[in-house]
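Just one chain is shown here, as structure tokens, and it is the form predicted on its own.
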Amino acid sequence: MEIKINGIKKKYGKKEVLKGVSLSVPSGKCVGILGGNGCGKSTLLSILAGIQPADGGEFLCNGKNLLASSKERSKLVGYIPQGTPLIDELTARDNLSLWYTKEAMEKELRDGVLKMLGVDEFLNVAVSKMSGGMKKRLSIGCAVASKPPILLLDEAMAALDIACKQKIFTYIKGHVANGGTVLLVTHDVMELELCDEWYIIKDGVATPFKYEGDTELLIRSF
């Protein structure tokens, strides 16, 4: 399921953060979005997820503009933001119940994505008492409840320990191997290894970048 992002624009006051970002993400691929702080990476993903409106442009999937159809977008797109959009007072199980039917949740906890992410290990823990890694794994579990083919991940593994990162790595690799599409915003060199293609956002536009392990070249490109 290839997606095409055409001419996405966003302005805050007089500051034009995105001047016409265009890129494509082939089916079964993970594409990394890189760039310096404040370049518009998170803004781009939040627009694609429908959290905020664009000032122009399209987000196309199979010829349909997902920016113009919240119904289609909600079926096709899963979004994991930098923060954790969970209800602090509720347990992991209670948060999951907002997204899953009881039967679907139990199946995923037994042998599906929730089991793979290790969410079954802290089902009765309130979000307010969870570690950052627990919150992130639960957030991902909630976001993929409808099994969306397109995943938008905004620094999904920032500040997590290696064991937790490995669980998320495993999920992303499996999603891509099954034909899913991933758009990944990251600053982490380890996460770049997950990607098949890379773009750098600079001066409001996205430019393809060929990453071959040269971090010095990558840094200079910002």
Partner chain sequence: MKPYFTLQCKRVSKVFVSILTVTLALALGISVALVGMISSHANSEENQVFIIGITGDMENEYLKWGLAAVQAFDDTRFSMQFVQMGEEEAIEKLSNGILTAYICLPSGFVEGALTGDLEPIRFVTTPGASGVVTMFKNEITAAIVETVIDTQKGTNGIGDAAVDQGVGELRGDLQYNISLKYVELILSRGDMVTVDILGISNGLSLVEYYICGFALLFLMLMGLPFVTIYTHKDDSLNRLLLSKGFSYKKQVLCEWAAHFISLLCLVLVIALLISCALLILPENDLIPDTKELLSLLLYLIPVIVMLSAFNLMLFEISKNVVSGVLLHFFSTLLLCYISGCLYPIYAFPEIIQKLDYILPTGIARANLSSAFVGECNSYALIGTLIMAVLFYAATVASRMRKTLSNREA
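Positions refer to the first chain, counted from 1. Only a predicted model underlies this, so the values are computations on that prediction, with no experimental measurement involved.
Another form exists, predicted in complex with its partner chain; not displayed. Remarks below refer to it.
Residue contact check for residue 114: none of its heavy atoms lie within 4.5 Å of its partner chain in the predicted bound form.
Residue 125 falls outside the set of residues with a heavy atom inside 4.5 Å of its partner chain in the predicted bound form. Proximity of residue 40 to its partner chain in the predicted bound form: non-hydrogen atoms within 4.5 Å are present.
The closest non-hydrogen atom of residue 143 lies within 4.5 Å of its partner chain in the predicted bound form. Contact with its partner chain in the predicted bound form, judged as any non-hydrogen atom within 4.5 angstroms, is confined among 23 to 31, 166 to 174, 192 to 200, 43 to 51 to 43 to 51. Using a 4.5 angstroms heavy atom cutoff to its partner chain in the predicted bound form, none of 161, 180 and 186 count as contacting. Residues from 58 to 90 that approach its partner chain in the predicted bound form with a non-hydrogen atom closer than or equal to 4.5 Å are 74, 77, 78, 79, 81, 82, 83, 84, 85, 86, 87, 88, 89, 90, in the order they occur in the chain.
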